[in-house]
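One chain follows as structure tokens, the form predicted on its own.
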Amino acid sequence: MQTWSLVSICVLLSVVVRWGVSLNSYSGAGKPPMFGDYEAQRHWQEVTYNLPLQEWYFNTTENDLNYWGLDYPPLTAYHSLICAYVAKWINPEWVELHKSRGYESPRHKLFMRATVLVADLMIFIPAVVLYCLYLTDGSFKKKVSTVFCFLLYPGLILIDYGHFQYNGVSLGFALWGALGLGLGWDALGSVAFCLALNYKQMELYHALPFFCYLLGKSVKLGLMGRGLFLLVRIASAVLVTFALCWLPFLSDPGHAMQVVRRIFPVARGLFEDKVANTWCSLNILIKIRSILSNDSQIYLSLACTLLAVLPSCLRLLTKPTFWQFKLALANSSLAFFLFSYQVHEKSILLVALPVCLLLSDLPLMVIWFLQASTFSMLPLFLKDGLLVPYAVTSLAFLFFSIYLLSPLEHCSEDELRLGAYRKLLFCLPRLDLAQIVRWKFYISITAMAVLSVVTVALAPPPHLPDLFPVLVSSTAFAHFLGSFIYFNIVQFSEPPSRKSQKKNN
């Protein structure tokens, strides 16, 4: 009873923070002609409610795809339709065809914010609570502290409630998938991940670890016995889930292909805004956009992404344990963010979720990464008028995570998994690696804070108008590349022993 009372308080506090952020402005408020992501979500409700399903993904006289055309898989469209029915019942003007474009009112804002919160309460938050209580090691206090810090992650809150999106739905389904695998419910976990993939195609960031873990486990059990039965059961669950999600579109192959074309718009190019990935950072020195054709950019990013993700996935395939699975999720999503095609700055949330799964195992490194991931989206937050929520939620997360999880007090080489680094640096004098990591953490947090203040307080030079966004993205890129190297080395190190875990706890 005490456990659930404390968990309920943590959930309630996280809901208060979410609702507090939602009271601010949102993406595109009062900015015609497109109005931003808030209008995109509202417009999809308008389209799915008023038009037949056959027109949702096609450019027609009633559905102008240049005005926030649907570009997510079917489950997003079905979710929009459910919200549209509720909106129609409250106020038909909110989803009136064509006439509702750019609709803004306090009541509608309240409704849209409530739809995000309801989705979180139904999907994301229960998955976080169950994962932290059942699949993390440590004392009761540590589990509850992990729940609170996980739910307080600023990046997801600011994007879903400030900028306005429903990332909690797809990330929540992915977390349910990881929870299923961790508890040994592989078929149910596969179904949950298929729902995530059918809600947002960017869940492909997590697809390879799910595939490699389940295949490796089946091979380990024996493909002539229990392993084959497990593989058939998982394959059946996946096929049935995809068939049910796509059923209305499968009667016409051309219709299904149009949906695929909409959700994978490769014609938009390799670059989007100032993203903290390899290509945008490298483009500062080498003008890739000018040197390579569009097709060459696609092939280059594909090759680099596969090479970056391959070691982690092969390791998972040969050692299909849940510890390896969590690390492979982090490494795969980081590889996709750093090297894949058409990355948006908000895609860092797809990396943040699997990194959060390591919060009780590697608290200092995870807290450090989550702060950097929030910082990397600073230009977007400033554009949306989210400076105060950004500062408050970032400081709150940093304070509570350090206070509750004590990452700086439990910061030995063993706890940071730095043994492999020690072997790599055998030719150098013996260094206190843990102390070096602590100082790098302090310097990094200070640099992010200073750069945040400078970005807000100073005007850039006239000849360098993008100076501060470039500095932000480059600084964040250095953090992400370092994290990618670190998590890969940890994955190829020996897993934590039960004895050391008990000692840490």
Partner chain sequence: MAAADSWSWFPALALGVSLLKCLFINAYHSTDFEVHRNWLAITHSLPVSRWYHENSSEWTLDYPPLFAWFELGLSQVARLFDGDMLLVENLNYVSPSALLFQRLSVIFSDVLFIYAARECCRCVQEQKGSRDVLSRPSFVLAVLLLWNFGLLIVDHIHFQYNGFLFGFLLLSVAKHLQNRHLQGALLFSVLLNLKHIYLYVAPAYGVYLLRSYCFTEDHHDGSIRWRSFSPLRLLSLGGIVFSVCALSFGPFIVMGQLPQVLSRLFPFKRGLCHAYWAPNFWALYNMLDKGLALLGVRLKLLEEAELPRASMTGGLVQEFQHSVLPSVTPSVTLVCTLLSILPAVASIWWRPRGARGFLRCLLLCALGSFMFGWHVHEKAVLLAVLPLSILAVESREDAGIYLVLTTTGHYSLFPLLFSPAELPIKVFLMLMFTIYSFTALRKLHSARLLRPLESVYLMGMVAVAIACEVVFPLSPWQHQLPFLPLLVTSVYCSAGVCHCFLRLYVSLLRQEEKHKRL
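Residue numbers count along the first chain shown, from 1. It should be emphasised that the depicted structure is a prediction, and the values quoted were computed from it without experimental measurement.
The protein also exists as the form predicted together with the partner chain; that form is not presented, and the subsequent description refers to it.
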Within 4.5 Å of the partner chain in the predicted complex, all of 143, 183 and 323 (non-hydrogen atom): no
Stretch from 257-265, 167-175, 344-352, 381-389 whose residues place a heavy atom within 4.5 Å of the partner chain in the predicted complex: 381-389
Residue (of 211, 78, 242, 400) lying close to the partner chain in the predicted complex, criterion heavy atoms within 4.5 Å: 400
Option touching the partner chain, based on a heavy atom within 4.5 Å in the predicted complex, out of 235, 97, 110, 118: 110
Residue 492 within 4.5 Å of the partner chain in the predicted complex, heavy atoms: no
4.5 Å heavy atom contact, residue 314 to the partner chain in the predicted complex: no
4.5 angstroms heavy atom contact with the partner chain in the predicted complex for residue 395: yes
4.5 Å heavy atom contact, residue 481 to the partner chain in the predicted complex: no
Residues from 20-44 in contact with the partner chain (non-hydrogen atom within 4.5 Å) in the predicted complex: 20, 21, 23, 24
